[in-house]
Ligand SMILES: Cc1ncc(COP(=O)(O)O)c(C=O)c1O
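Just one chain is shown here, as structure tokens, and it is the form predicted alone.
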Amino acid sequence: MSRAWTNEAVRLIEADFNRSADTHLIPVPLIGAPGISLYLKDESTHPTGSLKHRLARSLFLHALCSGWIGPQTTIVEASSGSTAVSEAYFARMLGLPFVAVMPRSTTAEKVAQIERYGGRCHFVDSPCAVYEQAEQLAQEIGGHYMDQFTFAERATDWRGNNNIAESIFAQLAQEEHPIPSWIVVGAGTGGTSATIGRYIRYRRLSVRLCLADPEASVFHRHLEDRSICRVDGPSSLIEGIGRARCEPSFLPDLIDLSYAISDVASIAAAHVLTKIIGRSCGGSTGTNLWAAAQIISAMKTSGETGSVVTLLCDSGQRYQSTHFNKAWLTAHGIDLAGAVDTMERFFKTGIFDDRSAFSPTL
């Protein structure tokens, strides 16, 4: 492998990082919960528009510095869309071919972004087939399977290097409650929850970590019963988080609490939050908010003050043909009215009282 080429590839990625300002930490007004602050880490402002930009950058640096990628290597990834968008961006930067193996249900907006960066999309009918298909394709063409689901937790420097955890705490430093009571995240690979959970322990902080997980996902089931490592049945309509199998990068012992969130609740929360902050939010952000609302309500009820941080994972613009499309919602039998009412009342009163919400685990 050419050391000179690798050096230049690393320089290009680091130069891109230096050009990109850190993502914002947005305060969300909570009229009904005085003494409690809610913040959104807006990862949609990355150059490729999502939280997965951090992961893709780390995966490329990890693979480059491990000697796995050269000037002629085709990059192959299994993805539900957002990681593939970000990896296509970095592959183009390095002049490398890129192939995304994705479920056929991936939104047209994400497919268009991948192709805009010069990537090619290889579709599979079942989300569970992406792993085997990506690995097999990489072998057939002599490419490198990036395998975000295995390497997400080890590719990121969780001690620092401006990872998402370090950034959050630096931005909270001048706030009323600089050490949050809770951080709420979803899990797709598990890399973000691993990074934040490890950083909390490394810095010896009292922060608790909550997992917001789609109902169809295995992660919240695995937290309750470690013998459950896979689920069957229809997958979630929320892209980017929740999986049918426990991914190697998911570290369950770092999670203090979890909530299972319905697709309807996630989409409704995204709609409400979009109106409140005037910034478009995707369904995974709605999943996070639905869990954060329950935590904040419990804090208010017990008289606790403090702050809660969660993530704005990507923009709702990526879901205009699905989650924000009335015809698509109707076709999928989704009625948002009840869940929208629950979330709107939460913002007015600080109390979450949706009777259909799952009980927390752990």
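In this text the structure is predicted, and so the values were computed from the model without any measurement. Residue numbers run from 1 along the displayed sequence.
Note that the form predicted in complex with the ligand isn't included here; everything after this is about it.
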Give a yes or no for Thr192: in the predicted bound form, does one of its heavy atoms lie within 4.5 Å of a heavy atom belonging to the ligand? yes
Can you check whether Gly197 is within 4.5 Å of the ligand in the predicted bound form, heavy atom basis? no
Given that the partner is absent here, does Asp213 sit within 4.5 Å of the ligand in the predicted bound form, heavy atoms only? no
Looking at the partner-bound form in the predicted bound form, is Ala293 within 4.5 Å of the ligand by any heavy atom? no
Considering Val85, Ile183, Ile241, Met146, which brings a non-hydrogen atom within 4.5 Å of the ligand in the predicted bound form? Ile241
Within 4.5 Å, heavy atoms only, one stretch in 322 to 330, 64 to 72, 293 to 301, 50 to 58 touches the ligand in the predicted bound form. Which? 50 to 58
Partner contacts in the predicted bound form for 300 to 336 (non-hydrogen atom within 4.5 angstroms of the ligand): Cys313, Asp314, Tyr319
